[in-house]
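This document opens with one chain alone, in structure tokens, the form predicted alone.
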């Protein structure tokens, strides 16, 4: 396989830029350029600037692109604008990678360090003085949303877990928790496993590491490539030809789309895992379409604001969570209609981008505050942390409502 940065330098995605007709539709879709003059817009730093690049970026405002992907989705000509920008940024940062951007992608290390000392870690993350010191030394904003450390991991729970005595009538599936689902959003992973078991599946959760998404989004293509290929080996060890289910929409997207389209990873193991990967709402909707999803749900009279994350939209699956949640009697879902929550993985954590991320997310925060009846719903972890911090409303994965509707909570 070629060196990771050879792909963006060669710019195979570059072939799409000649389809750009400068219609500026991508500019109107961009949530970042709408709130700050520091980012001139996806057309300018993408197709337009790309024509003048020769291994270097012509404009460092490129780093203010959040890679949300709204531009690629909006483009009527099929130009891969967000992918072009991500590739160009990786080349731009190759010889000048900030220490913070190297550290911020170490999600497994963060989980392993914080778990044994969860109460202390949470107290430190909630301490204004500590956060101010971190901001000044590392560059992570003092008010940026942080995960909550847990005293147990998903893998630790899985080792002790006793599946229900009812027979596994549907056979096995492999479960992929993602880093956040393994260390911080443990309850979401547990609820997903319990729903799958309730439906009659045997759930296999092999030892698994990071997908490399946070590294990729910060331009660390070498490290991200190693992470995603190692993860592919781990997930494949769970069983050949088995469906792989995840409650982490962003990590699923890395395996289905981003590792190949952005980093150019072109290995059989990635294609194998990517084609078998299903986000849990996508998986449940496929069951429903086939007439195989039990809908003996407990009624739940609630209206929930729902935000579909950027990483989910980029997978082209629509919004399966809305259909699944509205199968539950009494549940009414209000889709946010907002392009982005602002966090964009690690983008909104950075001190120089925090205010931009908050401005991008503010219309969503206001909508959630206005429409909620106690909770909001979103499919990916960092987006949930951003929405909850910005709105003050508890924000959960759609599987929480399904879990409750099956009487499992």
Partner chain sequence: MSMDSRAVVVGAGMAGLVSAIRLRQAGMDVTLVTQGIGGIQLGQGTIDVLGYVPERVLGQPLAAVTAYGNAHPHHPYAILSADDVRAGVEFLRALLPDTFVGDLERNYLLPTAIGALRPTALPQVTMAEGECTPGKQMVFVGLRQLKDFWPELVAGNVARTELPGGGRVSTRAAWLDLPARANEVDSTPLYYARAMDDPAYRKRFVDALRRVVEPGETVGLPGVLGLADRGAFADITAQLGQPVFEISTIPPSVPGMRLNDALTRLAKDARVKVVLGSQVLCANIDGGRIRSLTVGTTGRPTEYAGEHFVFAPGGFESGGIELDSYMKVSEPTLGLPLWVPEGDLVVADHNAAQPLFSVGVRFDHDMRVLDTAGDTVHENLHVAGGILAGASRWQEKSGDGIALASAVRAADAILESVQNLEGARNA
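Residue numbers count along the first chain shown, from 1. Quick caveat, the model's predicted, so the values are computed rather than measured.
The form predicted together with its partner chain exists for this protein as well; it is not shown, and the discussion that follows is about that form.
Trainee: Using a 4.5 Å heavy atom cut-off, which residue among 366, 27, 355, 59 comes into contact with its partner chain in the predicted complex?
Mentor: By the 4.5 Å heavy-atom cutoff, the listed residue in contact is 27.
Trainee: Taking 4.5 Å between heavy atoms as the contact cutoff, choose which of 149, 232, 203, 319 touches its partner chain in the predicted complex.
Mentor: Only one option qualifies, and that one is 319.
Trainee: Tell me, please, which stretch of 84-92, 274-282, 214-222, 194-202 lies within 4.5 angstroms of its partner chain in the predicted complex when heavy atoms are compared?
Mentor: Stretch 274-282 is the one.
Trainee: Does its partner chain, in the predicted complex, lie within 4.5 angstroms of each residue among 78, 314 and 335, using heavy atoms as the measure?
Mentor: Result yes, every residue of the spot touches its partner chain.
Trainee: Can you tell me whether residue 170 touches its partner chain? I mean in the predicted complex, with a 4.5 angstroms heavy atom cut-off.
Mentor: Residue 170: no, not in contact with its partner chain in the predicted complex.
Trainee: Examine residue 49 and determine whether its closest non-hydrogen atom to its partner chain in the predicted complex is within 4.5 angstroms.
Mentor: No - in the predicted complex, heavy atoms of residue 49 and its partner chain never come within 4.5 Å of each other.
Trainee: Using a 4.5 Å heavy atom cut-off, state whether residue 382 contacts its partner chain in the predicted complex.
Mentor: No.
Trainee: With a 4.5 Å heavy atom cut-off, would you call residue 35 a contact of its partner chain in the predicted complex?
Mentor: Contact check for residue 35: yes, within 4.5 Å of its partner chain in the predicted complex.
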